[in-house]
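What follows is a single chain, given as structure tokens, in the form predicted alone.
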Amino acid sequence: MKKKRSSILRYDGVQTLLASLLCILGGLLIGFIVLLIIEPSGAWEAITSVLKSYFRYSSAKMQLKYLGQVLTRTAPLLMCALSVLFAYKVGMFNIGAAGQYVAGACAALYMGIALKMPWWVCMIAAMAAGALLGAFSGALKTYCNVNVVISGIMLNWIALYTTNMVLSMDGIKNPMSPYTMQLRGLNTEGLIPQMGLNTLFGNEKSVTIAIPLAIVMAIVVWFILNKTKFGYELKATGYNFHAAKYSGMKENRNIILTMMIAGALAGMGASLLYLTGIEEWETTISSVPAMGFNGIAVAFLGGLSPIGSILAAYFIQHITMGGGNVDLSVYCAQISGLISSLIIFLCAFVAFFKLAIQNRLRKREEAALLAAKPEKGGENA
């Protein structure tokens, strides 16, 4: 039985799952301890409300409606995770996914509100904007040896303030508020079609084909990375830049293409959110949206797997929405964000726990081999 259990633990997928569960439990435990320190009487109720999320509603219709909202916000989060993991597989840490997401939002909303373009044109524009920003970061790495982390951070802020400036133009910004005009009221063709999916989720207006589109993109990314020659070349470039160069691969092209694709994925993620009409862009925002940064946690929680990231993106969005259900008469308004951020923070330790599991297995195997040697010697004697 022990041998069977250890053989199961050798599978990479099982190790990733266990590591992810450890991170989730650790985040919940720390969050619970923080709640106990602040106000012990309401700690259990607060942590359970985070986990219940939309299940706290007694009506099945309301549960489906809020589930639809969770899934709507899961789609862009998944795309940002795909952006991060795609670049990471090629040896680059795409912290610039947040800026590429912002650039995508700018292009999608400008095309939809100012130019009244249909949704698919807006989506292509968002992908192109994200790809352009990603390509710039890749070109800086290739030709100027600028680390993509440094260039990504700088470009995040450039993208943010450029977007604020563009979307503050007359005809795009709502003159009565700091937000852009509602796409739903100006250009219904700019909204991603629902195709009847909204009827499955309590007629929630924000539920569109964005959700299946994101899942399809996750499958496409998995296929490219694992089943194509192009994906093999990209990963080979990431594993060893010089070896890829001397084997005849176009290493500079691969780096720029990788960042372009990663940027396009993040840009598409922004279009999957803003083209559903669930929210508008705030033109006075002074911090980069968390969606791109949360994509990093989702990518690692999902074990840097496109398929695993689907479940991880849903979980992160589930607890993020559940964090808003904490009783504000007992705790301050920021406590929901604190609990969610603690869990998200712990998700970044998936690789650490996975390595710990692997080291534990290796030590156990070494101990078993050492124990078997004297027995073999005794038999020979």
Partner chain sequence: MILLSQYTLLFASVLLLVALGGCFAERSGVINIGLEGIMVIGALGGALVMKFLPMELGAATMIVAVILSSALAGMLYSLLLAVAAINFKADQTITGTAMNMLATAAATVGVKAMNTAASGGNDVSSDIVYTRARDAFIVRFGNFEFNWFMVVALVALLVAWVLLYKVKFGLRLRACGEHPQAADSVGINVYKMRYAGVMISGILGGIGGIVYITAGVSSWKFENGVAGFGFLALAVMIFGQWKPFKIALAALLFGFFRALGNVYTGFDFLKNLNLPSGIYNMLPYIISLLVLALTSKSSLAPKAEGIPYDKGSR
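Between two forms, the rigid core is defined as the largest C-alpha subset superposing within 1.5 Å. What you see is a predicted model, and the numbers here were worked out from it, not measured in a lab. Positions refer to the first chain, counted from 1.
Keep in mind the form predicted in complex with its partner chain is missing from the figure; the text below concerns it.
No member of the trio 57, 207 and 215 reaches its partner chain in the predicted complex with any non-hydrogen atom inside 4.5 Å.
Of the residues 338, 29, 70, 36, just one reaches its partner chain in the predicted complex with a heavy atom at 4.5 Å or closer; this is 338. Taking a 4.5 Å heavy atom cutoff to its partner chain in the predicted complex, the contact residue among 158, 311, 243, 200 is 158. In the predicted complex, no heavy atom of residue 249 sits within 4.5 Å of its partner chain. Although the partner is absent here, residue 232 lies well away from its partner chain in the predicted complex, with no heavy atom inside 4.5 Å.
The closest heavy atom approach of residue 274 to its partner chain in the predicted complex falls outside 4.5 Å. Contact between residue 315 and its partner chain in the predicted complex is not found at the 4.5 Å heavy atom cutoff.
Comparing 49-57, 345-353, 62-70, 318-326 against its partner chain in the predicted complex, the single stretch with non-hydrogen atoms within 4.5 angstroms of it is 345-353. Heavy atoms closer than or equal to 4.5 Å to its partner chain in the predicted complex belong, across 149-167, to the residues 149, 150, 151, 153, 154, 155, 157, 158, 161, 162, 165, ordered by sequence position. Taking the rigid core as fixed, one finds a CA shift for residue 46 smaller than 2 Å between the shown form and the other one. The two forms, fitted on the rigid core, differ between the shown form and the other one by 2 Å or more at the CA of residue 347.
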